[in-house]
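In structure tokens, the next block holds one chain alone, the form predicted on its own.
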């Protein structure tokens, strides 16, 4: 089953029928952590080219780049890894994000560090985060992230600094089916009263279903503070062999289509993807991941 990072697959649970308490637990998480007041903006967006190729449907996937998207998603990683990501929003370098991330497993837990830079000299945002993730038994993974956020303008303007956090959970129902949910900035911390400087509050819930080792499908619901409505997305990943992966996705609101591919060579993994926004155009991402194999 391909639900985890290639070199660090999660231990598979025994197959079972979906029980009532599993669904009760999952949707209780949805209700508690998704108040109707959630709105959205920039640091709540997903990063990672593999995920972007599947239209940013990452919440239920074990994946290195879930350092940004759902901290529970790195609990399955069993070896250290380091990655870089470059995202160019709408083909404008002034709207690009440069990211560096690392994970390091410690006994039954996984620690992560992220550093992101968005913007250019006259306006930029920096995010530095610490991530902690842990498996609770064979099926349940939980995670949390603490982020330091900074926004800087040109000369003569005061910089702004804030701290916020995120929470995530994933549950392997069967060998094939995995559920996930996450919330970012749930208490609505913001830079100031200006609407343009709102820190996003973002909630996601979704699933990943593996038909085989070659075919993986994902679906996700998202609500964030700038949208005010539910965004629905879906993605697919096809792996003809261990080296190549081809991805595509679709959405009903902002991102209407995405596509991407990946290539694995020894300890390195390269991913590239593009997402088409119905009004603003193309956003491209490129990732390199190096895994320190045992």
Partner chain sequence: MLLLMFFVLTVRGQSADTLQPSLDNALEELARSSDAVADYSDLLEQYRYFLEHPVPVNGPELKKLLEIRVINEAQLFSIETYIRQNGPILSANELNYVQGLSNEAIARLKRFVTYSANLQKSRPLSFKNLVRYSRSQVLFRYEQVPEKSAGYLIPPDSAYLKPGSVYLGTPQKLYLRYAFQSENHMRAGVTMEKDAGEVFVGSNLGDSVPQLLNKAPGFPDFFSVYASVTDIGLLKKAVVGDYHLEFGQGLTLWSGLAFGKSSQACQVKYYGRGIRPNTSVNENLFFRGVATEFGYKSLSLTAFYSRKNYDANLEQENSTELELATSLQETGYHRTINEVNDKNALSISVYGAHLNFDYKRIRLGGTYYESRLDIPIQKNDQPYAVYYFHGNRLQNAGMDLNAGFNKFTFFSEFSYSSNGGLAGIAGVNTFFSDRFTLTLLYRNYAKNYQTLFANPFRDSGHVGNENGFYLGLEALLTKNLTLSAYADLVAFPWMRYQVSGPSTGKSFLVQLNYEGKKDLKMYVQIRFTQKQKDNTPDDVYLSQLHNERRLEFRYQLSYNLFRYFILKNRLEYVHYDFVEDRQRGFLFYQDIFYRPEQTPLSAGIRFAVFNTEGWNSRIYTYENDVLYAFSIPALYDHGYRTYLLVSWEPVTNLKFWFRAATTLFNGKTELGSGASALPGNHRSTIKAEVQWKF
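Small disclaimer: the values here were computed from a predicted structure and weren't measured. Residue numbers count along the first chain shown, from 1.
FYI, the form predicted in complex with the partner chain isn't displayed, but the following is about it.
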Stretch from 71 to 79, 105 to 113, 214 to 222, 134 to 142 whose residues place a heavy atom within 4.5 Å of the partner chain in the predicted complex:
214 to 222
Is residue 209 close enough to touch the partner chain in the predicted complex, meaning at least one heavy atom pair within 4.5 Å?
yes
Contact between residue 230 and the partner chain in the predicted complex at 4.5 Å, heavy atoms?
no
Using heavy atoms and a 4.5 Å limit, would one call residue 262 a contact residue for the partner chain in the predicted complex?
no
Residue 62: heavy atom within 4.5 Å of the partner chain in the predicted complex?
no
Site test, 253, 256 and 276 vs the partner chain in the predicted complex, non-hydrogen atom cutoff 4.5 Å:
yes
Could you list which residues of 215 to 244 come within 4.5 Å of the partner chain in the predicted complex, counting heavy atoms only?
215, 217, 236, 238, 240
